[in-house]
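In the block that follows, a single chain appears as structure tokens, in the form predicted alone.
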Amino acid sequence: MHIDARKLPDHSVIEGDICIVGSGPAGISIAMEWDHTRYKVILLEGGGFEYDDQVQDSYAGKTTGQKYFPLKSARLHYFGGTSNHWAGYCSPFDSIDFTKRDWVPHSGWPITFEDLDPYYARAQKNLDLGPYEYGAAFWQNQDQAMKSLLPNDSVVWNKIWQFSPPTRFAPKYKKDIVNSKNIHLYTYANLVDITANENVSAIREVTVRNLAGRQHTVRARHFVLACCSIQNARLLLAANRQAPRGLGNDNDLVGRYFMEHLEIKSAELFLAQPNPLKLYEMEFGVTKARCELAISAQMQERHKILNGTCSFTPLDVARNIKPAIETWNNEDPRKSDENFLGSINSAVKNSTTPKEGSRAYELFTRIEQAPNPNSRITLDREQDAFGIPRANLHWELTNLEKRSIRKIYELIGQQVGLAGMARVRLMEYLQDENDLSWPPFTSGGWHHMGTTRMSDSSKTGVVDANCKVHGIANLFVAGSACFATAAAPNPTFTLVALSLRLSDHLKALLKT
């Protein structure tokens, strides 16, 4: 069922069993788990079914620290969320990503890979992926031309990515949700306040507002914040009438540990013989699975480095692709997307790489950011049109990220050299191990994580192992905001898996 909240009588009261705030991949994945049940699910979306720049403006904010993309264009604020323009990269986290690593401060999740594994398998369907197979051997058996660059290597291994079409959650799920008898989608319903009971141990209701001047109250047994990481933190911090620091923020942790993936060109590979590197090749809309090189868990521990991966682009193409931080620079996400894709498409179109493959490749890094409490979201004094303080992002990196990138390519270079197949040349910014600065082309992946991190204790995190806000009985957070560490893979696959796990937990609660 669909209701346009602009057309409801002012100060309407909406009641249900579960209220989900946000209709991106996390919110829709949870909602669809409840279709055809006896429970009334309220799904709140701040925008409509199409892009609206006035609504999108509420995502605008300020950035400090490491240069970042304009916040207004880093996420999409309408039905389907940022799945409306994501690229579809999917790979599960590794077991080491969930563990406490003594060389990575603030690392460790209260759950393990094994806890999430069955939900990864279920998330394949949500994202229109292939079989739940993430071993390189499976895909190599489908195509004998997909040969490993370094077969049987104990230092460097092949990590598989599968590619969603990419799934656009809006067209895929809109009809089912609109026709559902128990899922009630309210568009143009921006959450502006959260009201708890007297001792702030449970949420009583939330307030929504739209640009038509209507305001409504939503009451439910359980509430789930399923906005993006910046907005989840922003809404909790802004709900400060009853809790001066914001809900769930008694220990000043909401908004902290903002994490991104560093995505940055790092080295060049020169092969002895031309090679198409088909196992590592990526063609949008065609490739179903490909590998990126990763460093084994044992080597990560030995060298005390973060988890990251390396992808390959023919050098004649890569040298003509502008860094994302330079092309994704417009406040309008549509224009930024056009600039970004235009640079890539132009470079590919003008490629001179022969069919038998290139001898020279650029090595491009995707690496986790170490959890850092100083990398954070805070509130600005300026408010958006709905009366909510805008977000400030301070993105702060550490020396561990740069040292890890350098070591990754030293290890890859050593291994291809020992195999007699290639040489690796580090880019200039990595050649001096005492140089801790970052080059101007340092970019992120638009992967926001960690602002309401998961932990067993309220002293070290905002939500528990079931994504419930510590100390508040019926308030949950869905999505990558809950990540305790960022790992190397793009976050959508994991955040959908985590959302399905949260849905199962809510089902168990409502049965009791």
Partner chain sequence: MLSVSTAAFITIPFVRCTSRNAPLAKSLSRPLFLSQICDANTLREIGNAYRAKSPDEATENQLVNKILGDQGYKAHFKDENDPRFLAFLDEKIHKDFSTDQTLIIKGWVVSTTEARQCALASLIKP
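The model shown is predicted, which means the values in this text are computed figures rather than measured ones. Positions refer to the first chain, counted from 1.
The protein also exists as the form predicted in complex with its partner chain; that form is not presented, and the subsequent description refers to it.
Review point. Is there a heavy atom of E410 lying 4.5 Å or less from a heavy atom of its partner chain in the predicted bound form?
Key: Flag for E410 set to yes.
I'd like to know if A137 sits close to its partner chain in the predicted bound form, meaning any non-hydrogen atom pair within 4.5 angstroms.
Close contact is absent here: in the predicted bound form, A137 is far from its partner chain, nothing within 4.5 Å, heavy atoms only.
Contact with its partner chain in the predicted bound form for K288, defined as at least one heavy atom pair within 4.5 Å: yes or no? Outside the cut-off, so no.
Please run the contact check for R406 against its partner chain in the predicted bound form: heavy atoms, 4.5 angstroms, yes or no? Judged by the heavy-atom cut-off of 4.5 Å, R406 is in contact with its partner chain in the predicted bound form.
Counting only non-hydrogen atoms, which stretch in 115 to 123, 156 to 164, 209 to 217, 426 to 434 is within 4.5 Å of its partner chain in the predicted bound form? Looking at the other structure, the answer is 426 to 434.
What is the one choice in L341, M282, A385, L418 with a heavy atom within 4.5 Å of its partner chain in the predicted bound form?
Checking each option against its partner chain in the predicted bound form, the one that comes within 4.5 Å is L418.
Notebook entry, point to check: in the predicted bound form, which of the listed residues (A243, A196, A318, L271) lies with a heavy atom within 4.5 Å of its partner chain?
Noted result: When its partner chain is considered in the predicted bound form, the option within 4.5 Å is L271.
* Asked: Check K265, A324 and N329: does every one of them have a heavy atom within 4.5 Å of its partner chain in the predicted bound form?
  -> No, none of the three is in contact.
- Looking at its partner chain in the predicted bound form, which residues in 356 to 382 have at least one heavy atom within 4.5 Å of it? The one in contact is R359.
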